[in-house]
Every structure is written in structure tokens, then in C-alpha cells.
Ligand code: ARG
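First comes one chain, alone, set out as C-alpha cells in the form predicted alone.
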Amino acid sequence: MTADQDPPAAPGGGQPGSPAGPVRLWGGRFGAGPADALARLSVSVQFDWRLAPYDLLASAAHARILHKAGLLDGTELARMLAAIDDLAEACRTGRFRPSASDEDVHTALERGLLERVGSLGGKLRAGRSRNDQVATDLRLYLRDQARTIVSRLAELEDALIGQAQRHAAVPVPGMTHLQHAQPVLLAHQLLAHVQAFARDASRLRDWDRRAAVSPLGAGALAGSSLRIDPDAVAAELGFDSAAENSMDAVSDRDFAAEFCFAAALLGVHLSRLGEEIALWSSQEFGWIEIDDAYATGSSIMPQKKNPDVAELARGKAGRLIGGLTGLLTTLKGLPLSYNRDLQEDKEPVFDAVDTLLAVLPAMAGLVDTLRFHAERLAALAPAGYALATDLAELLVRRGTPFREAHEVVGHLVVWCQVNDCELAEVSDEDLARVSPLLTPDVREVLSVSGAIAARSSRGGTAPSAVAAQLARLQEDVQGQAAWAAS
């Protein structure tokens, strides 16, 4: 079969015009079919088959545009739409599957259409190319999957918020450089992860606005001389507009690269949370107990309880970053407009979707079932002279330059290290020996609850500030879930 001829009659009494052999969407100027090596290299249906529902959705919209342009009459349109609906159902149920001879999803679906309506199916080819088809399909697919990802992400955020609410008054050692720094509320630290995930959700929502441009109607690269209406098909498919430049429409993969970036950064944030959970569950930290349903054991050591979900979240980040890097490398040297290199855009994108939709529910379940050891956390909160900054800031409030206050408190920390005691355990006499600025009343800031309560500015760790932050995040997550359901 060539691009410009009706397919031959099918054997065994098939419909006139249904395919008798392999369907190709090109070939008129070739005297023979492709070499086996080329065919094996060229085939993509094994991974792009997941675009089938979106290709059929776009095909139905394109059929209506062809009817509007006078290229399909009413009867032909009805037959075409009925065949597309039947093919879509057959794809959903598995009654129709790609064959070994199908080059890609478009070839397979055209074969299915020709089997149903014969040569009429060939009319759907008018005014479009695989170049604008695949760009449209991939945008439709990713806009759909972005909403599913945001929905799963909102579930993880809800789990973190729930833990923050259940442990609203629990202090923990806040750390920098993995060293005790200042006491903070556990809720504050958990919500720090929610803030990052909320940015990920916002990034995907912002990405969606740029991805909402339809390439359909761009043809191979130059548009179409047929009286088709790209804006009408864009509106039917839920896009905000049609592409302004047909060459850009078929060659642009910014939307795929940007999606992979958003996925990779989300993966980095999942990895960071996973790293903390792995640390917290260790004997050295002893902050949490992981629920049995989200841990594994050892094949040789009976006592082991391993944080596999957290570790896999950490590991999958590398996969997501690798997919982004590979796609950007593919795109970096391509001339306008379409090049076959762009076949390589799908696997990293599909893998990013699959990876996130596997990791996010597991992490949500892990977080939701964590058991925090509140008493141990409270005991550790002031350890490592974590109240030193509060003491220095008290001296500043009393008029001491911060440089001097920093030095005085540093000397006090050294004194405590030498004498193996905490700041609050130093006697009045010893405070005075270190510096006359350290009067007995400085003890008012040497308590965890006082230090935390004092940091009440926006973004601080005081209970009032954390409560306000939590309320804002709950509203944000609700908005994310509502967008995902749209």
C-alpha cells in the first residue's frame, strides 16, 4: 500500500479497501520495503502504544474538522466516528492490539480503522501528518498524567500535614550540616517538605499552561492548504490555542523537556525526604519507627528492618535526572523542523510518569504510618548547645553588638565542653567568670519552649507561625487536588 492509493482488498472476504498486508503510512516513491535492520530500528509501537487513546481522541476531532471543511460528508463522518469509537473500545478491552508489523501507534490505529471502514479510513489522513499527530498526542497524554501526578502528590502532602498536626507541640533538633543547630518544631520540619512539594505541584500547573497549545493542523511542517480549522480542533481537545508557527509546532519538545525537569526536581525532593526518613529510622537517630507494611527485612540477618521505600525514592531520583539529561542531549543539535531523533522523546517522558506514579503512593503510605518517638525528640532538641543562638540574640536585644555577643557565647560553649555540661547547667558564678554580660537572668532564654516560641515571625518555628503556615498549605493542597480533578 502507498500513501496515495487505496489498500488492496482484504483476503478472506474482508471489507473492500481493508489492508491485506503490513500497513505503512509512507512508501509511494519507494520500489521496495525497508530493510529488516531499518524496520527493527524504526519501530516504536512497543512504547508509544500508550498514546492510542489520545491519538483516537485527536482523530475524532480531526474527522469533525474535515467534515466542517467539506472533505467528509455527513454519512462519512458518522461512519468514521462510529469506527473510531469501536476501535477505542477494542483498544481498551485488548481486542485490538498492535501487530509485529506495525511501525508505530499511528500505523496500528490506521490499520484498525481500515479494517472497520475500508478506504474511507484513508480520508482521515488529509490535512495532518504523523509529525503534528504525535506532538498533539504527547501533549494530551502529559497534560492528563500531570493531573494524576499532582493528585498523588497532594496525598503525600496530606500525609505530611497529618503528621504535623498530630505532633504540633513536639520539638526536635533543627540541623545544618547534619549538626545540631537550633530547636524547631517537628511540624515545622515536616511542613518544610510540604513547601517543596507544593512548589512541584505549582510548577506542573504552570507547565500545563504552556503545554496547552495544539500542534494539530501544522501538518508535516508547513500547515495545510485544505480548509481545516486548527483553532476549532484545539478547542475541542481542551487546548487553549493552536500553535502560531507550524514549524515550531512539529519540532518543539520544550513541553517534554520541561515536564522531565519538573519530574526530576520532584524526584530530588522525594529523595531528600527519603534520606531523612532513612536517617531518622537508624539506631543512631532513633527518631521514628517505620510501619512493617512499608519496610523489608534481610535474607540473612533476622533482626533487620530496612527503610526500602525511602531508599528507593532516593534511588529513583537518579533515574529521573538521567531521563531529563538524555532528552536535553537529544534535542540540543536538531535543525528545524521535524527529525526522527524526536522518536527518542517518549521513553524518558513515559518513564518519568511511571516512576512518579510508583513512588508517590508508596511515600504517602510510608509517611502516614510513621511513628515518631516524641520523648526522645524532645530530649534531643537542646542537645549540642542548640540554645546558644538564643542567648546571643538576648545579648543583642540588650545592646551588645552581635559580633561581641557571638564571641561571648562561643566562650561559654567552650567552657561547657570542658566541664561536660549544658548551657542551662552553668552556675551563676561560672556565667560571670565567662563574661560579665552573662547575668543570671539570661536563663530565661535557655529553654526549648521559650526559644521556639520566640521565633514567631512569618516563616518561623513558633507554634503560632507554624499553625498559620499549616493553614495556608492546607488551602494550597486543596487547590492542587481540585485542579487535578479538572
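Quick note: we count residues from 1 along the sequence shown, nothing fancier. The structure displayed is predicted, hence computed values, not measured ones.
Keep in mind that the form predicted together with the named molecule is missing from the display, and what follows is about it.
Partner-proximal stretch of 332 to 340, 400 to 408, 301 to 309, 175 to 183 relative to the named molecule in the model of the complex, 4.5 angstroms, heavy atom: Looking at the partner contacts, the answer comes out as 332 to 340.
Site check S151, A154 and R205: each within 4.5 Å of the named molecule in the model of the complex by heavy atom: No.
Distance check, D55 to the named molecule in the model of the complex, heavy atom within 4.5 Å: Residue-level check for D55: no, no contact with the named molecule.
Contact of S59 with the named molecule in the model of the complex (heavy atom, 4.5 Å): It does not: once the named molecule is placed as it appears in the model of the complex, S59 has no heavy atom within 4.5 Å of it.
The named molecule contact at E115 in the model of the complex, heavy atom, 4.5 Å: No, no contact at 4.5 Å.
R128, heavy atom within 4.5 angstroms of the named molecule in the model of the complex: R128 lies outside the contact set for the named molecule.
Contact residue in the model of the complex, from R139, R314, R111, K346 (heavy atom within 4.5 Å of the named molecule): Result of the distance check: K346.
Residue (of V134, I84, A264, C91) lying close to the named molecule in the model of the complex, criterion heavy atoms within 4.5 Å: After the contact test, the surviving option is V134.
Sequence-ordered list of residues in 87 to 106 near the named molecule in the model of the complex, where near means a heavy atom within 4.5 Å: If the 4.5 Å heavy-atom criterion is applied to the named molecule in the model of the complex, 87 to 106 yields D104, H106.
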